[in-house]
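Coming up is one lone chain in C-alpha cells, specifically the form predicted alone.
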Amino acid sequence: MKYLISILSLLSLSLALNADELDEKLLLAGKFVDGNPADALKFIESKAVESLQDSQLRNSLEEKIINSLGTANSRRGKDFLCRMLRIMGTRKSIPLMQKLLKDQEIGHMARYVLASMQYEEAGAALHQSLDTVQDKLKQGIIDSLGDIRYKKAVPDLIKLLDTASVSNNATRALGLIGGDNVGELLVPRLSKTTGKAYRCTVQALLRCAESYLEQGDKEKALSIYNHFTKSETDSYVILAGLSGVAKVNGE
C-alpha cells in the first residue's frame, strides 16, 4: 500500500510539474514576437498534436489556450494560439472564435479555426457574423461559408450579390454551395456583369452545372451550358458551354 501511495504521489507531482511548465510556455507564447526564441511554441505545438490521442490532455490544453488568448498581448502570439485551436479545438472554442471574428488583427485566423471544424455550431457562428463584421473581414467569412458548403447561408448570400464590396465573394460561395435555385439566380448576372464579376459568375455557374450533373439533374445543367453557348464575346465561355452540352448528351 505504501508503495502504491508513493507511486501516486510521484505521478501527481509529475503532472503538477508538467502543468506548471505548460502554463509557463503559454505565457511566453502570448508575448511572442518575431525574433524571440520559439522553444515555447514548439513545446505547445507538440502538446497540441499529442492531445489528439489524449482526451484529458486535449480538454485541459484547450481550456488553457482559451484563457491565454484573453491575456495574450502580441499579434503573433494570438495568431499562434489560434492555430493551435485549429489543430485540436472543439465546440468549447467556438464562442471565443465567434467573438474574435470581429477582431481586425486575428479575425481571419479565428475564421480559419471555425472553418476547419466539423461542427454545425462552427458554421452557424460564421453565418451569424455576416451582420456584425466589417466588409473587409466579411469577404473572408463569405469565402469560408462557401468552402464549407454551408447551405443555411444561401438566402443571406443572395442578398449580398448586389453589395459591390462582397458581391464576387457571394457569387463564388453560392456556386460552391449550389442548390435548386442558385443557378437560376446567377444566370441573369451574365448579362449584368463585366470583367472580374463576369468571370466569377461564369465559374460559379460552371460549379452549379457540375453539381446538377452529380445529382442527376441533366436538364438544369444543360440550361446553364446552353446560356454559355450563346455568349457573344468570350470564346472560352462558348467552349465551356459546348463541352458541357457534350458531357450531358454523351457526345
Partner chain sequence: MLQNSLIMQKQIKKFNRRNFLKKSAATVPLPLFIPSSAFGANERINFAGIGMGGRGRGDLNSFLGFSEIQTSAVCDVVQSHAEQAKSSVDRRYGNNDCKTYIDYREIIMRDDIDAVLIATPDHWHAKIAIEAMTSGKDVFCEKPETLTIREGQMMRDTARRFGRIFSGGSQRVWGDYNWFHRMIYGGAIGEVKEAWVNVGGPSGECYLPPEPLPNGVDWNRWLGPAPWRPYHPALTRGGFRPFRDYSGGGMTDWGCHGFGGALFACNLHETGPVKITPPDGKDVQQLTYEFASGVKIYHGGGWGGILSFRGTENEIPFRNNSKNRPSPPSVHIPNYKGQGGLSGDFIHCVKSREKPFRDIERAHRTATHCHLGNIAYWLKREITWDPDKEEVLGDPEVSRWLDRPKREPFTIG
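Positions refer to the first chain, counted from 1. Everything numeric in this text was worked out from a predicted model, so none of it was measured.
The discussion below concerns the form predicted together with its partner chain, not included here.
Ala29, Ile65, Val202, Val182: which sits within 4.5 Å of its partner chain in the model of the complex by any heavy atom? If I apply the 4.5 Å criterion carefully, the residue I get is Val202.
Decide yes or no: are Ser55, Glu120 and Leu213 jointly within 4.5 Å of its partner chain in the model of the complex, with each residue judged by its heavy atoms? Negative, none of the three is within 4.5 Å.
Decide whether Asp156 counts as a contact residue for its partner chain in the model of the complex under a heavy atom distance cut-off of 4.5 Å. No, Asp156 is distant from the partner.
Does Leu41 reach its partner chain in the model of the complex if we count a contact as any heavy atom within 4.5 Å? Heavy-atom contact with its partner chain at 4.5 Å: present for Leu41.
Does its partner chain come within 4.5 Å of any heavy atom of Arg207 in the model of the complex? Yes, Arg207 lies within 4.5 Å of its partner chain in the model of the complex.
Indicate whether Glu45 is a 4.5 Å heavy atom neighbour of its partner chain in the model of the complex. Contact check for Glu45: yes, within 4.5 Å of its partner chain in the model of the complex.
Go through 68-86 residue by residue and record those having a heavy atom within 4.5 Å of its partner chain in the model of the complex; state none if no residue qualifies. Heavy-atom contacts to its partner chain in the model of the complex: Arg75, Arg76, Asp79, Phe80, Arg83, Leu85, Arg86.
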